[in-house]
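Let's start with one chain on its own, the form predicted alone, as C-alpha cells.
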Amino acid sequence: MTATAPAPVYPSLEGSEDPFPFLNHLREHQPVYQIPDRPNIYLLTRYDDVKRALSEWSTFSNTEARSGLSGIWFGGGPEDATMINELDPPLHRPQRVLAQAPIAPGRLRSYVTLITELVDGLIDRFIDDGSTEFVSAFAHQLPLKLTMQLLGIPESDMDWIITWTSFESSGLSWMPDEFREGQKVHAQKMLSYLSDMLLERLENPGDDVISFVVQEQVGREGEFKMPQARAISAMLLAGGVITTAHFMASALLLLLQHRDQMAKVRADTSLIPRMLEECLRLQGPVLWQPRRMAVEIELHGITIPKGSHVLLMQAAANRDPAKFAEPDRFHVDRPDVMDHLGFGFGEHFCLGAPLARLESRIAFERLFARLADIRLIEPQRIEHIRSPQFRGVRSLNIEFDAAAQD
C-alpha cells in the first residue's frame, strides 16, 4: 500500500472485514484524515490524539456527536436527551452517577452467582455434543440473558430486544437506507417500551435494575423524570449486549489462532483478566467514537473546523507502535495493556465496563474449567459482521472435549 493510494475508504461496509491496513496507513501518513465524500467528517488515528480527544470534552464535544451522524435523536434537546453519551458536563455527570448505581462494586458482587449459573446453563446445552457454533450458542446468549434478567425483561420479548441491542447509532449513516429506516422504527418502539416499563416500576417496584434506577432517581432528585430514567435504561439495555457478545467471540478466536497464548492462560487462569484486556486492545468491539468540534483547532497541520465531526479511531490508536511495542502481536501478559482505549477514556469511559469485565472473566473461567482442548473446526471461513462501527465475528464453529472434572 502506497502513501498516495490507500484503499478502501473507511468507515465503509466494504472495509469492515479488515479495516486495519487502511487505519495503519492513515496513522502513519495522514493522522488527521478528511473523508473524501464527507467533507465535514475527520478521522484521528494516533494514540496520543485519540486519548486527548476523549479527555477534552470542551473541545471534542459529545453534544449532537452521534445524532448529527445518524439522523436519529431520541429527545427534544440536550437537557431532555435520552442517550447519556450525547451529554457533556455538567449535564452528563448527574445522569452518569445514577446510571452507575446498578453496577457499583457491591451490586456487581451480587451478580456473580447469577452469571455463573447462566454460563454453566449455556455450556450444559452443547457440552455433550462435542461441538457448537460459539457466537449464537454462547457469546450472544450470555449478555442478552444476563441483561434481560437484571432489568426484569420477560423472555417473551427476547426476539425484538435482540434487534434493538444491535442498534448502530452513530454508524447508521453508513448503512443502507432500508436498514436505517428499520432502525428508526425500532428506536421509537424501544422508547415506548421503556416508558411503559418505567411507569409500571414506579407504581410497582420489584427486585430488578429498572426498579432500582427509578428508586435511585426519586431518592436523589425528589421526583421521577422520565427522560433521564429512560436514558439510563436505554444505555443499560443496549450498551452491554452486542458489544460484550462481539468481545467474547473475538477473544476466543484470538486464543484459538494463537495456541501458545491459549496454553499460557489455561496454565495460569489468573491471566484471564489481562488476556481479556489484550483482546480489547487488539480486536475491540467498537472501532471508533464520534465527537463534534466545539471550537476550531489545528492538528498535524490540518484545520478541523468548529461544528465538524471527528471519529476517534480507537482501533487504530490501540495498534499505535508509538505506544505499544509489537502492536499487532497478541500477548496475553502485555505489561502496559491497561493503557488501551477499548473502553474509551475520561468522562465517557464505558459505563458497562465493570459488568463486561466480570461476565467475560467468569465466562472464560468456566469455559476453561469445563471444556478441554477447544479447537476450530476446519475448514471454515472466518467473517466479520458488516458494520462501519462495530467489530465481531459472524460465527465461530468449535469442537472440544469435556473436561475430566466436569
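Note that residue numbering follows the sequence shown and begins at 1. Predicted, not measured: the structure shown is a model, and the values here were computed from it.
Heads up, the form predicted together with a small molecule isn't pictured, but that's what we're talking about next.
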item: Residue stretch of 325-333, 301-309, 257-265, 229-237 approaching the small molecule in the predicted complex, non-hydrogen atom distance within 4.5 Å; value: 229-237
item: Candidate spot Thr243, Phe343 and His348, all three touching the small molecule in the predicted complex (heavy atom, 4.5 Å); value: yes
item: Close approach of Leu54 to the small molecule in the predicted complex, 4.5 Å, heavy atom; value: yes
item: Interface membership of Ala356, the small molecule in the predicted complex, 4.5 Å heavy atom rule; value: yes
item: The small molecule contact at Val286 in the predicted complex, heavy atom, 4.5 Å; value: yes
item: Partner proximity in the predicted complex: Lys145 to the small molecule, non-hydrogen atom cutoff 4.5 Å; value: no
item: Selected contact from Ile103, Ala187, Leu198, Ala251, since only one has a non-hydrogen atom within 4.5 angstroms of the small molecule in the predicted complex; value: Ile103
item: Answer option from Ile115, Ile210, Ala315, Leu280, heavy atom within 4.5 Å of the small molecule in the predicted complex; value: Leu280
